[in-house]
Each structure stands twice: as structure tokens, then as C-alpha cells.
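Quick heads-up: it's one chain on its own, the form predicted on its own, in C-alpha cells.
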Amino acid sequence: MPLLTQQIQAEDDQYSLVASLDNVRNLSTILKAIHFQDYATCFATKNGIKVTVEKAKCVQANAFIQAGIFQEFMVREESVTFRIHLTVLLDCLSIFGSSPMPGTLTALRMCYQGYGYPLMLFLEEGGVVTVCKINTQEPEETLDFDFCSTNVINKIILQSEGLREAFSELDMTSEVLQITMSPDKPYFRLSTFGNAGSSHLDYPKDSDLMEAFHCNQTQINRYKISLLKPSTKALVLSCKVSIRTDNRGFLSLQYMIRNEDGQISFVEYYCCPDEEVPES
């Protein structure tokens, strides 16, 4: 990124966050996986950037972009936090087009001076540089779902294609998706209750799609389909998904997404249970 580097290398000292990518799609693709609300909160530490989106205090999505994915990554403070209009950010990241010509990459340099300052984007493609300034806001406190690994009751890891197929076949007239996880049959079951009646989709624990199966006790929980729908954005991009439930019935969906350079990023959705399941 010679042109860009010469232009602004000298200014780095004033920024509390500087991040560079040779391929902007390695960032924009991950952000699209959590783009179901206009605003997001960004947290940057020396380990990377976490971008959080929430809806109705019932669902939260986190995208983790590790520092190693960036060609250059510098955070001057212990942590840097700001709120930003995610729709505008994504529009700027694709300012040269979302599907560029084969062999052409859009490079990105992202700089943030600190509280009250805009997020600066320097995008370069084929020697042409575009500068975008996006106003930031004071970060709002994000929900703490208190999802602790020690409280996880059941966990399975599936190849994403298995869940993609299931979600495409779900009866979307159902208000809820019921998830059954059990050490005994049916092991892992997805159930809907729509206009056409109830339907169930079962996964045996020895299925080719099942990469890991750790279920300690039978849990049956319901989640609003409207809250789970946004997570299909991440599901489409992912190669594996980890599904976990804790002792309160809270759901964690962790998607493993491989970028164009083969590097791994994670997107995690937390969702609270909808209601007490009626006794059968």
C-alpha cells in the first residue's frame, strides 16, 4: 500500500487505533454477518476488534476480528470503544463496489483519534484513494449475557451445511424454534409449530455432520424465530457452528468463518429463551 503508507504514516502518532488490510472484504464480510441493526459498538484491544450489535435486549451478535487478520494493527490505549452507524460503515467499505474485478483488491487503512473524533477510512484501489469520515457516538453499555463456559450444560459442533439445510426447511409460520439437546434420543432436535402443524428435524449424534457431541442432560428450550433469523447471515458464511446452552437455557451460536485468505474469524450470537416449555 505504498501511496497510502507515504501519505499518512507520519500521522500515526495522533491515533489511538490504526488498522490496515490489503483486502477490505476480510472485514466487510464479517460485519455483514451481524448487520441486522443500524448501530454497532466497537471495542478494540491489542487482541483485535469486537463489534457488537443488539436487538430488544434479547439477542446479541458479536463479530471478532483478531489482530492477526490485519496487516498492521495498533491500539495505543488498553481499550478503545465507540459506537458507529454500521450501515454507513458497510456502505463506505464497499465504495469501490462489493464485487470487484478478478485480481483487484481494495486496501483499507482505518484510523481513530479518540473520543469525539470520527472514524477515518482510507480506501485504495488501483492507485485511487477515497477518504471517508464517519461520525462516532458515545458507546452505550452492551448487555452482559453472563454466558459462562462453566455453566454450559450441552454443546454440539455441526458442519454448517447441516444447519443451513435445516433452517431452509423450517416452517417460518412458527413463532418459536424449539431446540432439544439430550444425551439420549433424539440427541439434537429442531421443532417448529406453524400453521401446518408441528414438525421435527432430528440429528443423530453419529451423523457425518456432527463434529462434536457433549450433552450432559436433556434440555428443551424455545427461542423466538424472529430473534434467530439474523443469525442466518452468519450461518451462510460459516463452515462450522458450535451450539451451546447453559443452565438458564440461554443459547450461544458460534460461527467459524474462513476469509478469502484462509484466516478464521468468529461470529457469536446469544439469545435468551422465549418461554417455559409446556409439559408434554
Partner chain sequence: MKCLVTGGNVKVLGKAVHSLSRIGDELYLEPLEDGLSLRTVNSSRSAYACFLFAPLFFQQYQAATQAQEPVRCKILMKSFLSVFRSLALLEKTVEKCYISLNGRSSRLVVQLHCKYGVRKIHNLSFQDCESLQAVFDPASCPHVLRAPAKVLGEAVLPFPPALAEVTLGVSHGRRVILRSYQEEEADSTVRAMVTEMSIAEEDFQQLQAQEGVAVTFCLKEFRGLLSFAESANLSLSIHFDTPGRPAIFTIEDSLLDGHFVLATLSEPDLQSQDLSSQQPRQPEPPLQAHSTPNLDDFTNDDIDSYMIAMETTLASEGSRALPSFSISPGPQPPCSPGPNSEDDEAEPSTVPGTPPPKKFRSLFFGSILAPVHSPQAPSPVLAEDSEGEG
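Values in this document were obtained by computation on a predicted structure and should not be read as measured data. Residue numbers count along the first chain shown, from 1.
Omitted from view is the form predicted together with its partner chain, to which the following refers.
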* Asked: Can you pick the stretch from 189 to 197, 133 to 141, 105 to 113, 176 to 184 whose heavy atoms fall within 4.5 Å of its partner chain in the predicted bound form?
  -> 189 to 197
* Is there a heavy atom of F73 lying 4.5 Å or less from a heavy atom of its partner chain in the predicted bound form? -> no
* So in the predicted bound form, does any heavy atom of L209 sit within 4.5 Å of its partner chain? -> yes
* Does Y203 make contact with its partner chain in the predicted bound form, using a 4.5 Å heavy atom cut-off? -> yes
* in the predicted bound form, does E165 have a heavy atom within 4.5 Å of its partner chain? -> yes
* Asked: Considering its partner chain in the predicted bound form, which of E77, E161, D91, D146 comes within 4.5 Å of it through any heavy atom?
  -> E161
